[in-house]
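Single chain ahead, written as structure tokens, the form predicted on its own.
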């Protein structure tokens, strides 16, 4: 039977909640430009596929995704939808509060939208834990794949680069148009990087200005990094590494009273 909450009747949901041992997974992404070779929903598809695979392996309840994220800098290209972080906090808090009332009090938020979503998700998680007595974990692929991206020789985290593209090539090949990919190599900037793997001193991330994002979009359609180096086999290894870690997080929560 499907791990997705929305596919169940309320009676089936009640059984699934009991079998999950109180663990729910909420995929959160974005709808934003991902250059010319990836779909607007890339970040949401990433969160969805991770949630689904882990849910099927663990019986965690998988909640319908939050498709939208905070994406003001990607408004430079058509199709991007950006939601104010205050709204996203309130929406996700209400989702958590609803789940908690039905016995799902151990919740994993999967972030498919890289570092931009992390701040508001942290604020939401802290409030939910304090006010609702729930346990929240934030699972972020960029932070949870620092070991494997180095082993695979994947380039640094950017946007629509070879990491995201390789993953999408493995899980959603019909949505990837690699022949349209354009490279925009990430230049090393003193004291600054958005990549969690970067080991040197850095300033904290601030979302790009509209002007800076527009320049990137003009150079390579909106990508930063080298998507032409993407490889579906590397995407498979990357995906399986993330699922292994996500399953471990779920099982640790299920073991808690």
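As the structure is a computational prediction, the values presented were derived from the model and not from experiment. Positions refer to the first chain, counted from 1.
Just so it is clear, the following notes concern the form predicted in complex with a further copy of the same chain, a form of the same protein that is not shown.
A.B. asks: Among 152, 95, 169, 186, which has any heavy atom within 4.5 Å of a further copy of the same chain in the model of the complex?
C.D. replies: Among 152, 95, 169, 186, a heavy atom within 4.5 Å of a further copy of the same chain in the model of the complex occurs only for 95.
A.B. asks: Though only this chain appears here, would residue 158 touch a further copy of the same chain in the model of the complex if you measure heavy atom gaps against 4.5 Å?
C.D. replies: It does not: once a further copy of the same chain is placed as it appears in the model of the complex, residue 158 has no heavy atom within 4.5 Å of it.
A.B. asks: With a cut-off of 4.5 Å between heavy atoms, is residue 224 one of the residues that contacts a further copy of the same chain in the model of the complex?
C.D. replies: Residue-level check for residue 224: no, no contact with a further copy of the same chain.
A.B. asks: Do residue 51 and a further copy of the same chain come within 4.5 Å of each other in the model of the complex, heavy atoms counted?
C.D. replies: It does not: once a further copy of the same chain is placed as it appears in the model of the complex, residue 51 has no heavy atom within 4.5 Å of it.
A.B. asks: Would residue 13 show up as a contact with a further copy of the same chain in the model of the complex if we use heavy atoms at 4.5 Å?
C.D. replies: Residue-level check for residue 13: yes, a contact with a further copy of the same chain.
A.B. asks: Would you give me the residues of 12-41 that have any heavy atom within 4.5 Å of a further copy of the same chain in the model of the complex, in order from first to last?
C.D. replies: Contacts from 12-41: 12, 13, 14, 17, 31, 33, 35, 36, 38, 39, 40, 41.
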